[in-house]
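Quick setup: one chain, the form predicted on its own, written in C-alpha cells, and binding and motion questions come after.
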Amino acid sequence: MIWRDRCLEQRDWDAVIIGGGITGAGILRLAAGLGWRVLLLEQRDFAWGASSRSGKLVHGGLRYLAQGRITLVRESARERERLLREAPDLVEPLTFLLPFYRGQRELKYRAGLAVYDRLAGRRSRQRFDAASLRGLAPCLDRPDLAGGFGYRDAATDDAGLVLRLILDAVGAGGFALNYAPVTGIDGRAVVFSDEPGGRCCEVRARVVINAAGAWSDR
C-alpha cells in the first residue's frame, strides 16, 4: 500500500494508459523504457479479461498470407521469434502439422510455408511422407493421405506474459494500478476510483491511451 500511495500522490503524467491487458502492458513497457512518466490503470486484476482467455498462441498469422497481408505476417512472425528469445519460460515452440491428400496441390503448401519462414527470418518447415505423418498423428490416417508439412509457431501463458511486461515496466520506472476503474475523462484529466483506499482520484496527462479492449466505449 505504501507503493500505491506513492503512485497516487503524483498528479501529472506524460501518459495515462487505461486497460491492463496485453496491449496496455506492452505500451506501458515501451513508454517506461523511453523514460516517460507513465501510469497504467486497470479496473480489476491485470490480464483478467481477454488477455487471460486467448487461444494461448503466439503466431505469425499464416492464414493472412492468402489475404496478401505480408507486412502484418512479417511483423507478427518476427515478434514471435523475439518473444521466444526473450521469454523462453513463458513462450515455447509449438509445432503444427499440415496434411495434404491426393488431388491437393502440395506446391501451394510448400510455397506458402517457404514465404512464412522467410518473413520470420528462420526456417522451421519440414516435409513428411504419408508413413511418417501417420506415425506422428495416427488420427490423420486416410487412404488418400499423401504427406504433409510441419511448421513452428509458439504458445504462451498469456496472463503470465502480461504480468511480465508490467513488472518489466515498473522496473523501468513505470507505474501500474489495478482495482482502479476509470470513471471519467475530461480532456487531459482522468478520474478514477482507488477501490482499496475508497478514494476518488484525478490525474492529468499529456496523452491518454485507451487500451481497454471490449470496454473501450465504456
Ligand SMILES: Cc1cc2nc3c(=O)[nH]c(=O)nc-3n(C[C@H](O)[C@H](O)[C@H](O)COP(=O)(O)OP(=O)(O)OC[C@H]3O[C@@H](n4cnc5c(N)ncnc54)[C@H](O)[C@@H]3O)c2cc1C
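All residue numbers refer to positions in the sequence shown, first residue = 1. Just so it is clear, the structure is predicted and the values come from calculations on it, not from any experiment.
Keep in mind the form predicted in complex with the named molecule is missing from the figure; the text below concerns it.
For the residues 37, 188, 56, 69, the 4.5 Å heavy atom test against the named molecule in the model of the complex is passed only by 56.
Proximity to the named molecule in the model of the complex holds for none of 62, 95 and 116, with the criterion being a heavy atom within 4.5 Å. Per the 4.5 Å heavy atom criterion, the named molecule in the model of the complex is contacted by stretch 44-52, the sole one of 44-52, 145-153, 28-36, 165-173. Using a 4.5 angstroms threshold between heavy atoms, residue 22 counts as touching the named molecule in the model of the complex. In the model of the complex, residue 205 stays away from the named molecule, with no heavy atom inside 4.5 Å. The shortest heavy atom separation between residue 18 and the named molecule in the model of the complex is within 4.5 Å.
Contact check for residue 159: every heavy atom lies farther than 4.5 Å from the named molecule in the model of the complex.
In the model of the complex, the residues of 147-183 lying within 4.5 Å of the named molecule by at least one heavy atom are, in order, 180, 181, 182.
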